[in-house]
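Shown next as structure tokens: one chain only, the form predicted on its own.
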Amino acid sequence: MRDCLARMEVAVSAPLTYAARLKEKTGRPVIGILPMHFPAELAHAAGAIPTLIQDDPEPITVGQSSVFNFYCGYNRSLTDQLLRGAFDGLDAILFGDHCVQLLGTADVIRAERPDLPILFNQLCTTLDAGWAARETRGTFSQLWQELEALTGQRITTEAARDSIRIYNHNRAQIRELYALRQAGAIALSARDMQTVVKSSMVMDKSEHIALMDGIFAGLPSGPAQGLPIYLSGHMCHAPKPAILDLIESCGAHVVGDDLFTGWRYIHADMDESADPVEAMTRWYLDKNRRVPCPTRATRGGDWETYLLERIESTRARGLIILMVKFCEPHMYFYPEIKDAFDARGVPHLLIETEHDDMPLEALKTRVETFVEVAGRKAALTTA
């Protein structure tokens, strides 16, 4: 298992380098995809190497003057990577419009790299509107044609279905790992789960599926130790591994999450038997009913209600919210989450994260206090 995780970590630590090597080996173009809503399956069906663009751990230097200081660390990191030449191996970038900061970042990339194709597709944000299905089908059909023009390769219906099958299989593997952790059957750390999900975002799917098979062949048995807690937040990029390590070192055990580099990414499959565009449309429009997103709207799809239900279903004893500094969509929703959890008496802790280094010792004190308080409340509940 450790050997498989180590190979995944190599891709996670330098995803664009991994993609460049795969491009050199296969001759396939590399398409960078921005989170959170566009299907990589189409780029895969076009014969490209889809890679979800990650923030990187490098300090933001040359990109600092190109975007506002109140942009989140993910957008500032994208700009910095661009100006450092990290995107030079990309053949195109697929952009969406789920926050105004990302629109600004797209403009910077266009200005600095006019030679780099940007496929910008605007998906509807009100997912249960009467026109949402029609507009979404149109957007995905347009993307289909744009990818054919970009790669020079016709995307057949069967190729799209094959890609959907491969992605569904990989998602199902990771969901099985989640189920085993939630049931307490395996002691797999939050850091390891992040490695599994992030590597799925950037690795060749066939290679990742084989590595997942290797992980299942060598999973450590036995229950995890610590207070079960649920993680929420971090829409576009992964939490720092050091923060995850700190949370679990304070006596907690992560049993579930709605992170994008987590359950949010793999929670739902596409219909393999349907027309591919229709399958992608339903997958997109049903997202908020499965895992509510603050960048999308659906009547009755309240994030706070979903989190309370997940706390109950995972038997978590508390919620830790990881909020990226300056993430406006998350900031708007947090007061409703706080009020709902306060009203139900469910322990919760807000941690504001930054791209730059954070004072972990001060954070450790807060997490230790939260785990102690939540543990005492759990003991009283079960007494």
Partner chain sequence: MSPDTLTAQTRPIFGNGEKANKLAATKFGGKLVSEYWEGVFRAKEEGKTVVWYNGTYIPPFFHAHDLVWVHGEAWAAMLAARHREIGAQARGDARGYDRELCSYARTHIGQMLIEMDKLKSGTSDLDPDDPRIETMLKLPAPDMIVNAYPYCSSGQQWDDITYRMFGKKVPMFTIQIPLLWGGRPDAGYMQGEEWEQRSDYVAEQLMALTDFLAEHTGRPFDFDRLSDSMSYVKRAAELRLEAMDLCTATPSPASFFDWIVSIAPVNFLPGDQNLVTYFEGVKAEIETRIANGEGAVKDEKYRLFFDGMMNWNKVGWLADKFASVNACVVAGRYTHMSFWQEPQLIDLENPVRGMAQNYLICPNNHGAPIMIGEIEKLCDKFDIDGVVCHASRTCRGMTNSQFLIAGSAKKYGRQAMFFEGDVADESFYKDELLNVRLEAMIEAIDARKRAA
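Not measured: the values here are computed from a predicted model. Numbering follows the first chain given and starts at 1.
The same protein has a further form, the form predicted together with its partner chain, not shown here; the description that follows concerns it.
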Next on the checklist: Does any part of residue 189 reach within 4.5 Å of its partner chain in the predicted complex? Heavy atoms only, please.
Outcome noted: no
Checklist entry - Looking at the partner-bound form in the predicted complex, is residue 71 within 4.5 Å of its partner chain by any heavy atom? => result yes
Checklist entry - Though only this chain appears here, would residue 301 touch its partner chain in the predicted complex if you measure heavy atom gaps against 4.5 Å? => result yes
Checklist entry - Is the gap between residue 111 and its partner chain in the predicted complex 4.5 Å or less for some heavy atom pair? => result yes
Item to check | Joint contact, 106, 131 and 331 to its partner chain in the predicted complex, by non-hydrogen atom at 4.5 Å | outcome: yes
Next on the checklist: Please identify, from 242-250, 270-278, 229-237, 92-100, the stretch that has a heavy atom within 4.5 Å of its partner chain in the predicted complex.
Outcome noted: 92-100
Checklist entry - Pick from 166, 183, 224, 297: which has a non-hydrogen atom within 4.5 Å of its partner chain in the predicted complex? => result 297
Checklist outcome for this item: its partner chain in the predicted complex has a heavy atom of only one listed residue within 4.5 Å, and of 335, 345, 27, 59 that residue is 335
